[in-house]
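The chain that follows stands alone, in the form predicted alone, written as structure tokens.
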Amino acid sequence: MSDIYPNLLKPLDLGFTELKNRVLMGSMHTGLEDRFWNIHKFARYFAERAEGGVGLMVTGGFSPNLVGQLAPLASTMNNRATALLHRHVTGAVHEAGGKICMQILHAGRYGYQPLIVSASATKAPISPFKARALSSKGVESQINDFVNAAKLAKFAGYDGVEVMGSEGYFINQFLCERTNKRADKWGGPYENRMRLPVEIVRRMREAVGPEFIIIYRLSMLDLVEGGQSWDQIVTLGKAIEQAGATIINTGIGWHEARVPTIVTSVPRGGFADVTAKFYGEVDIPVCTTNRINTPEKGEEILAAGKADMVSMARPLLADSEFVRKAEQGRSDEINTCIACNQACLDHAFQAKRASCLVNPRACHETELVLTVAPVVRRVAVVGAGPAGLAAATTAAKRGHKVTLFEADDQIGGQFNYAKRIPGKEEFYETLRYYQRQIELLEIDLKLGTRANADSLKEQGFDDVVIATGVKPRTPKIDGIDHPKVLGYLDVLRHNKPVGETVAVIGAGGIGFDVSEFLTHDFSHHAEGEQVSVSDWQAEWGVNPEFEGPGGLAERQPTPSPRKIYLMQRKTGKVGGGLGKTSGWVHRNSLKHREVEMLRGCRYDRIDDQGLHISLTDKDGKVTETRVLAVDNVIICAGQEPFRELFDYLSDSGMNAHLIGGADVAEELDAKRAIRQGTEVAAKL
């Protein structure tokens, strides 16, 4: 047991088995679950995390039947042939010294397929299909299928199962008046509505015997109108314990809730107090979850007596060796999850295989293999932004001798601007990780050095990786040289003063970031410091005592120090190109700060009066002209590749590789940049 993290790394005795530490790798749907031919990839993915020392893992959700599937042909556990395939997974995990549970997830009305069923005939806002209401006999059939899935999981070699009773899925739909309109024994009073999960756990325990882990994911905070009250949640938790659960895991929010629960702007450990309030109501271990991404935060929560375990899902995507590094006193080497959702949840909701922005090997362990290079090559990497950092560290891990050139006086490139945005402070962690890797791998880092073709040729590098990034694009607008015009780098890099009324041209990721930055008053909390949990709760309307239906409260005003206009040329939804699972959070945050978002904008001219615009419809017809009397106009109108060095080297016959923004400048895609840098270096 580590002296550094004595609570986090302390074993947990479950009576019939012992967990080596208090870290639960929470459930994440990766896409590998859905196709049988990916079973070996699925096995390797979990085996690497088991080798990394995590105490207990939970798979992505498997439906107990066809009507409960998330989508057609999605992951299901309903027959012995499928269970036999899963022995590849459980065998690999056990060989690596780990333990693993299979999550049983019935989508209910959240299923993206026409066969869905629920407590009542309702339609979820995240599915185009209306659920069919189950008969009383149909409810019994669903319970039997849950029990059968648990039996099959045991046959497959799993150490246990997790029953998904939160996040607005099938079981949660029975618990809440919002979605349960029934008048039989499965509806009406709460004691009837809670009958379904209690019967599932009770019958499951009878079927699998006493020495099998049953985790129940209890929705402790629904965050939707018509959700459960705190007294109801406690009543259910106690009944679940009596029914035979081994561990109660915390569930936060429905997918349709308008309160963010896991994006990067949620403070670290922002929901640990929910679990802390429940803690002590039952005698079995209780696990807390959401935005716990460092061993320090996990240790802090456990030391404070808020839970028995901490769930870290995405942090184990970002770094499979998270626990091992903590054990060995190497937490400064952990590749920290930044909660961006770009490669994990966004991919899952787009039916793509999940991965991780900061670790593109996640879920691709059998394909993106970093073997020791057979021949050591001298590699120059030009540019220490995300792409260059990924390329340099990957090449060095493979044994190549790497020199990293950066014209600036610090590494990070565009990440140095992103980290300044309120809610994106986690980017500091990514740069800390790469700085440490540069030291450990003995990469020759040359800051303040602008590499040129002649010097690169003279030094005789075998490969030159060009990661010189982007330069801002300047749109052709009459008056673009007016003194009130600023670029986004003027604001985020050079700290030029900005007036009280501002027009932001361009509503992509940079435009939203600049707007977020300018709507914050940094006298309340320092730049780079995460907002407090209490302030965040007030802004998003979370009851600090978690009382009342769904735990909701009235949102408190969050005044902006400036009046902001955020504009785009396109006539579609403003910010429509933002992340699928996080874009709504950014839009909502700016609307709450009364940012005026305009679409279909034609920028006519900039002069002493301000910004002259014409608003157009989807056919290009002008519907209105306006003069925005602004103090400043900030240009966030895209980027262009900065790639002249690559063109010169290629023409001279050198072995040059182009990656990141220097390759494709569309938006600022760190996910693609890091993946591309890693893949190029893996092939050198």
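In this text the structure is predicted, and so the values were computed from the model without any measurement. All residue numbers refer to positions in the sequence shown, first residue = 1.
The next section is about a form of this same protein that is not shown, the form predicted together with flavin-adenine dinucleotide.
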- [ ] Identify whether flavin-adenine dinucleotide in the predicted bound form is within 4.5 Å of every residue in the set 42, 60 and 152, based on non-hydrogen atoms.
- [x] no
Task: Candidate stretches 100 to 108, 125 to 133, 187 to 195, 447 to 455, one within 4.5 Å of flavin-adenine dinucleotide in the predicted bound form by heavy atom - done: 447 to 455
- [ ] Tell me, out of 645, 656, 32, 47, which residue has a non-hydrogen atom within 4.5 angstroms of flavin-adenine dinucleotide in the predicted bound form.
- [x] 645
Task: Single option in 368, 407, 440, 96 placed near flavin-adenine dinucleotide in the predicted bound form, where near means a heavy atom within 4.5 Å - done: 407
- [ ] Consider residue 25 of the chain shown here, and say whether it contacts flavin-adenine dinucleotide in the predicted bound form, taking contact as heavy atoms within 4.5 Å.
- [x] no
Open item on the list: Is residue 414 part of the interface with flavin-adenine dinucleotide in the predicted bound form - any heavy atom within 4.5 Å?
Closed with: yes
Open item on the list: in the predicted bound form, does residue 465 come within 4.5 Å of flavin-adenine dinucleotide, counting heavy atoms only?
Closed with: no
TODO: Report yes if any heavy atom of residue 342 sits within 4.5 Å of a heavy atom of flavin-adenine dinucleotide in the predicted bound form; otherwise report no.
DONE: yes
TODO: Pull the contact list for 363 to 388: residues with a heavy atom within 4.5 Å of flavin-adenine dinucleotide in the predicted bound form, in sequence order.
DONE: 382, 383, 384, 385, 386, 387, 388
